[in-house]
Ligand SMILES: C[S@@+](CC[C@H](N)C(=O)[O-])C[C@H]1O[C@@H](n2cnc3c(N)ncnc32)[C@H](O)[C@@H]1O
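Encoded as structure tokens, the following chain is the form predicted alone, with no partner shown.
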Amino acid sequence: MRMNSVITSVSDDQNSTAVLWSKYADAYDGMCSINPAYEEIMSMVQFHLSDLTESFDFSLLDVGAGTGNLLSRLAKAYPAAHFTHLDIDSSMNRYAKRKYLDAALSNIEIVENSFLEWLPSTGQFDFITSTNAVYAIHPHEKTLQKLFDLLRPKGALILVDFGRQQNTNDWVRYMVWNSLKRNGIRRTYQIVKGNWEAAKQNRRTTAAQNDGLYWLHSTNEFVSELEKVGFTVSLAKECYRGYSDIAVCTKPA
């Protein structure tokens, strides 16, 4: 189950299996709250960023930033840094903006655009993060090249990407079971009932994978594609219950 907003060049008009991100946005945070694997990857990204930072004054781009869960925690941890939240979906961005305002975070800029259509200066960022978004930006080769180009020399990319065939029923069972242990039957029923739209949209993700719209890859294939564009990959492993990979990469000087 994909738990982040995605910036994709495939529009709903172009393919009937495309995920309706605006509908997904309303259920997004509720589903995240009963998904321990989501919290795990958020913590992993923050851990690897802390391991890489030599200065607290840096610039970071989050691609497919969704409702702002990752940047909310990073902006609190690094108040002197500048963060760019990039997402194509206005509903996701609306939730993120509210979240940032409620937390009085003034070091985050929201950009509403498609990643491949967005035209910032090259070599602009010290760090780029993205969690479960790149697989849906087509073509992935062009996406990875742009990530490389946007980084400054010696900059780092922390990339989590959903690369395996999705099994929505497996995710529903996993999250319901964890919610039952944490919240009990009544609260779990309320959460699932109130966020059923997310499961519906994730079934559309499966259909899009079957139609070849989304990039499927093994960990080795993931690393190979990153190295092709010039990245040095210092860490790569499975995460997110085996559905995703995380890679920590640097751009040579």
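Heads up: residue numbers just count along the shown sequence, starting at 1. Please read all numbers here as calculations on a predicted model, not as lab measurements.
Not pictured, yet referred to below: the form predicted in complex with this ligand.
Item checked: Options 165 to 173, 179 to 187, 145 to 153, 80 to 88; stretch whose heavy atom lies within 4.5 Å of this ligand in the predicted complex -> So the stretch in question is 80 to 88.
Notebook entry, point to check: Even though this ligand is not shown here, does A133 get within 4.5 Å of it in the predicted complex, heavy atoms only?
Noted result: It does: once this ligand is placed as it appears in the predicted complex, A133 has a heavy atom within 4.5 Å of it.
Checklist line | Partner proximity in the predicted complex: F222 to this ligand, non-hydrogen atom cutoff 4.5 Å | finding: Result no; F222 lies far from this ligand in the predicted complex.
Notebook entry, point to check: Wondering, does I137 line up within 4.5 Å of this ligand in the predicted complex on heavy atoms?
Noted result: Yes - in the predicted complex, heavy atoms of I137 and this ligand come within 4.5 Å of each other.
Notebook entry, point to check: With the partner left out of view, is Y38 within 4.5 angstroms of this ligand in the predicted complex by any non-hydrogen atom?
Noted result: Taking the distances in the predicted complex, the answer for Y38 is yes, it comes within 4.5 Å of this ligand.
Next item on the list: Please pick, from A27, L49, L226, M42, the one residue with any non-hydrogen atom lying within 4.5 angstroms of this ligand in the predicted complex.
Entry: Residue within 4.5 Å of the partner: M42.
Checklist line | Interface residues of 106 to 125 toward this ligand, as seen in the predicted complex [heavy atoms, 4.5 Å] | finding: Heavy-atom contacts within 4.5 Å come from N113, S114, F115.
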